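To begin, one chain is listed below as structure tokens, in the form predicted on its own.
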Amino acid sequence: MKRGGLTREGWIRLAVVVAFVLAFELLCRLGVLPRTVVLPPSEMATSLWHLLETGEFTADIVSTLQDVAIASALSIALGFALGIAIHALPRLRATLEPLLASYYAIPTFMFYPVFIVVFGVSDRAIIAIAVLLSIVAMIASTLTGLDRIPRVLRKTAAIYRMGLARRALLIDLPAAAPHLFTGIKLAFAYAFIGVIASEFILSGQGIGYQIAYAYNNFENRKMYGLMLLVIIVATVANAVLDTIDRRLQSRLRR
């Protein structure tokens, strides 16, 4: 049941978030959480507004969002293509599946010296690490989506003598779409994490770099303002993708 555009679960989540923020604000104001450690959410919001209003970090914000967009697009496109290729080659899949299953047990960031040598200290190194972190999520989701296509649909395609391209467009893609979109959401999330984290160590610009710089110089207001920006961007992007996913799922159920 929806009220004012939100489901009951949506209102519950909103209430939990508001309660958490208010409790956090109260604990900060009462001194339970020292200001030297953390700022009240209201001051974080004020700091963020000031940073956006002055445009002090506009170039850094644009740089980060641009790298996230490029890394996400590369991860999604390459992950989808590799997923199709691996699915079409059972022997290759049998070899790679154990590696894919254990992939995220490997700390990807240990390879950053290699990327510095190959790409230099630049956006390309940051994008490469983000792609390395996120591409496997898209590959795994593509494999899952292709595995879950009902056999009856492929038999129907054979009865209508559909070619490979036509079957992929009219049968395979729509049937695998929910799993593919899950891969897109995960690829974006990992790309976002990869870019922000890489900027701490590989960049002289970007939101991650500015957060680290503010921390090292004890500029708590700037640091927490930028951290709040990261949280807001990630939350809004995830909410948008989740809304698209739910609408896609509801259409496919009809």
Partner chain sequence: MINIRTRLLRYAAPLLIACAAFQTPAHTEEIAVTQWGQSLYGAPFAVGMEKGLFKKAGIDITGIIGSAGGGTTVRNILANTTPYGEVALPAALAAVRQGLDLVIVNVGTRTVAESTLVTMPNSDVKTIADVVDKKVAITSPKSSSEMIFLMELKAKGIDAGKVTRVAAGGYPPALTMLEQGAVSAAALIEPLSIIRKDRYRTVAAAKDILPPMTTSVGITTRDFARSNGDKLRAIIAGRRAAVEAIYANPDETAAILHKMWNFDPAISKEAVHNMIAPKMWSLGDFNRAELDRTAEGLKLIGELKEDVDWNKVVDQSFLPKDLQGKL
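Numbering follows the first chain given and starts at 1. Computed from a predicted structure; not experimentally measured.
In what follows, reference is made to the form predicted in complex with its partner chain, a form of this protein that is not presented.
Mapping the unseen interface onto this chain, Ser63 falls outside it, with no heavy atom inside 4.5 Å of its partner chain in the predicted bound form. Taking non-hydrogen atoms only, Gly204 approaches its partner chain to within 4.5 angstroms in the predicted bound form.
None of the heavy atoms of Leu164 is located within 4.5 Å of its partner chain in the predicted bound form. Looking at Ser47, you'd find every heavy atom of it more than 4.5 angstroms from its partner chain in the predicted bound form. Residues of 211-240 that come within 4.5 Å of its partner chain in the predicted bound form, judged by any heavy atom, are Tyr213, Tyr215, Asn216, Asn217, Phe218, Glu219, Asn220 in sequence order.
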